[in-house]
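A single chain comes next, written as structure tokens; it is the form predicted on its own.
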């Protein structure tokens, strides 16, 4: 049967959308993450895209979903949302395997994850020998492209030391931190460095999800011997998102034995997770103990200074002139993670270049309105009371007490004023949070603080500092 006109139209739209995205994100990222996507169908103003695994779905949603929606809405104004579904059968379709072949032909180092061959006498070429196991490396994620600051300097130093060591240095190296703070970047960078220093070393880099999938398949096919050989014959084993093995007893058991076998052979293990080994849920104590026995390095949330440096570095790499006030605005407002921060700059750059608008603060706010709204921090009255009490060196209990001494009453009024400014709570609700006070007391506090700010610069600076601290 031929393709229906509706299907043909969908595929033509997807071709235009994906080609535009390709120009924005570059060849390597496109080949790794966008080419395997299949445009599935359109239902009730929603485009459904299919990908072969949950790992790929999570990556596409985290990095490209907003831009895909914008591009598709431009193609078809009926579309107002994009959904990404998992369709495992795509793994066996030609266009997915061709993705890896293209990487290999274009540049061996673009996908240089090597798995030892079962036939030892045959030399293994320096590329992915089984794209079903090892993930392709991202060419953007190297050490020289990692911006270092106080929140990540220890993890960065540990990663470099392991990557440059000719023998096992820390075993395992365990990197942990929140989403989008740089764990995957460091993992890729380690693999790149190891392979560039010694192409003969065999490195396997994959997600914990892929490890589980391979193990379950080996059990089902009664082929665990080959599974063990594949995973225990590498020089360096790197597994991302180890937290996903929590609660899966059989997988944990196999992972534990694989871990021990590699350590006993003096092979390097590098792991990442969103929590420290001790805090992983559903993980056996003996495995936690093993994970803790090497070097554990955490990546903290970014600081304003680090976010500023990341944006400046990325803008320079993109050869993009970004006004200082725009860079500072993004660094202040996009605080959730580095991935979102870089994505915001990509969106602004792409929009201004494609539409021809000047890159200004107003343009930035307009383009990123949805992202800025989701990053607006929801400040609570309790947080305000705590910050004000600490600033004025009084007890939090004084916020609720009947004490009327100025040393207590003035900070309490400031806290009421900030609660009115920074939360959506009504005056009676705010009053109740301050020891059951009447709404007129809150109104008086707001008026009093406004008057003091007008006549006392020092007091106004204190209030402004507290406001900025709570907002940012």
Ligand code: ADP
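None of the values given here were measured: they were computed from a predicted structure. Numbering follows the first chain given and starts at 1.
As for the form predicted together with adenosine-5'-diphosphate, it is not shown, yet the points below apply to it.
- Considering adenosine-5'-diphosphate in the model of the complex, the lone stretch of 163 to 171, 68 to 76, 230 to 238, 336 to 344 in range is 336 to 344 [heavy atom distance within 4.5 Å].
- Taking non-hydrogen atoms only, residue 141 approaches adenosine-5'-diphosphate to within 4.5 angstroms in the model of the complex.
- Residue 323 falls outside the set of residues with a heavy atom inside 4.5 Å of adenosine-5'-diphosphate in the model of the complex.
- A residue is said to contact a partner when one of its heavy atoms sits within 4.5 Å of a partner heavy atom; residue 203 fails this definition for adenosine-5'-diphosphate in the model of the complex, lying far away.
- A residue is said to contact a partner when one of its heavy atoms sits within 4.5 Å of a partner heavy atom; residue 181 meets this definition for adenosine-5'-diphosphate in the model of the complex.
- Here the marked residues 147, 152 and 314 all reach adenosine-5'-diphosphate in the model of the complex, each with a heavy atom within 4.5 angstroms.
- Proximity to adenosine-5'-diphosphate in the model of the complex, defined as a heavy atom within 4.5 Å, singles out one entry of 371, 218, 310, 350, which is 310.
- For the stretch 160 to 177, the set of residues having any non-hydrogen atom within 4.5 angstroms of adenosine-5'-diphosphate in the model of the complex is empty.
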